[in-house]
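Shown here is one chain on its own, the form predicted alone, set out as C-alpha cells.
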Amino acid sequence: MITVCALCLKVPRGEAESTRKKLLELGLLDIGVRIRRDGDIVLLPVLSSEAATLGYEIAEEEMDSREVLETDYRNVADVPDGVRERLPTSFDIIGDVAIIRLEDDLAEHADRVGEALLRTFPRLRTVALDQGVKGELRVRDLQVVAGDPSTETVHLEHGVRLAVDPAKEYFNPRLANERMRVASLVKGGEKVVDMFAGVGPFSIMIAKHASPAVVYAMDLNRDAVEHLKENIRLNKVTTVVPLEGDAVELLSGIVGADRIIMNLPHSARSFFADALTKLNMGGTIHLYVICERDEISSIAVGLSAEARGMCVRIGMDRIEELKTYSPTMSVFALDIRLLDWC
C-alpha cells in the first residue's frame, strides 16, 4: 500500500454515496485512491479542484492509493495497434463463458484476444469465438480460443439459475430484462405455452416470478430439453412441463392458451397462424423477429392481414426494438393480443 497526498472533497457521511456517484458522472472521482472515513466526514478523492463546485470543502489529505485494474481487454491484448482499434467493444457473457465475434480477417488473433479477456475479467473460465449459426436448430458454431475447453456453464439472471451449453443450445443472454418483463405480465392461473423454449429461460422465469397454472415448454433440441429438465430441478419450479419435439405437432395437443411465447427470431413468423389458433380470447402472443429496422412496420401489417385471413382481429399492444443484430438489423418484440373472431 502506498500513501499519497490527494485532493479530497469533505462530505457528510449521509451525502457521501450520492456525491460519489455525481463525481463519477462528472469524471472527477480519482479511482486510483481509496475513499476514507474520518468520523462523520467521508473523504472523496478527486482529480481537480473543480469538484469544489459541488459545494463541499476541498483539501489535501494523506490517502492510501489502490491498484486500478484494467477494464478494457483491448488495452492488454497482444495484437498490433491496427488490429486493437478494430476489436469489438462488446461481447456476450453466459455464466463464466465469454463469446466474441471477430471480423474474418481478425480471426487469426482470436487466441490472443481470448487471453486478454481472461486476464481482464478473472471470473471468466472460457472464451469462445462465435463463427455464426449452424444447422436446423440454429445453435452457435463456437470455437474455444482460451481457457477451459468446455462451454457448459450455469447462467444467473433475476434469481434464476440456468444450466446451458451455448455450443449446443440457442440462448440469448441479452434478453434477461425482456424475460422478466413478460413474467411480470403473467396473471395467476394462466396457461402459458413457450413454443421454442430452449433451456427454459422464459418458462422458468415465469414459473419463478409469477403464478401460472402451467407452462408448456417445448423444444426440438434434445440437449436443450435435457438442460430444461435440469433447470426445473435447479430452480425448484413445479409448473413447467418439458416437452421434446416439433412445436407445431406438440401445439396440436394444447387446448386454449392464455399466453404464447415465440422466441425463434429468424423464423417464428412462419408459425404465427398455428399459435393464433390455440390462443384464448384476450390472450397474448409474444413474438420475436429479426429484421431490417425499416421493415418492422410492414411485418406488423402483414401479421394483421394474416390474422384477418383467418377471420381473426388482433391488436399490436407493443412493438419494441430490443437489441442490435447487425448494422441494419435488430431484434424486435411484438406483443399481439387476440381481440375478436370475425
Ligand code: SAM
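Residue numbers run from 1 along the displayed sequence. Just so it is clear, the model here is predicted, and its values are computed rather than measured.
There is another form of this protein, the form predicted together with the named molecule, and it is not shown here; the text below is about that form.
This chain is drawn without the named molecule; in the predicted complex, the residue among L129, L264, I232, L106 with a heavy atom within 4.5 Å of it is L264. With the partner removed from view, the residue among G189, G245, P88, G159 that has a non-hydrogen atom within 4.5 Å of the named molecule in the predicted complex turns out to be G245.
Comment: 246 to 254 is the region of 204 to 212, 112 to 120, 147 to 155, 246 to 254 lying near the named molecule in the predicted complex, near meaning a non-hydrogen atom within 4.5 Å. Within 4.5 Å of any heavy atom of the named molecule in the predicted complex lies no heavy atom of Y73. Under a 4.5 angstroms non-hydrogen atom cutoff, the named molecule in the predicted complex lacks R101 among its neighbouring residues. Using a 4.5 angstroms threshold between heavy atoms, E136 counts as touching the named molecule in the predicted complex.
Taking non-hydrogen atoms only, F272 never approaches the named molecule to within 4.5 angstroms in the predicted complex. Along 306 to 322, not one residue places a heavy atom within 4.5 Å of the named molecule in the predicted complex.
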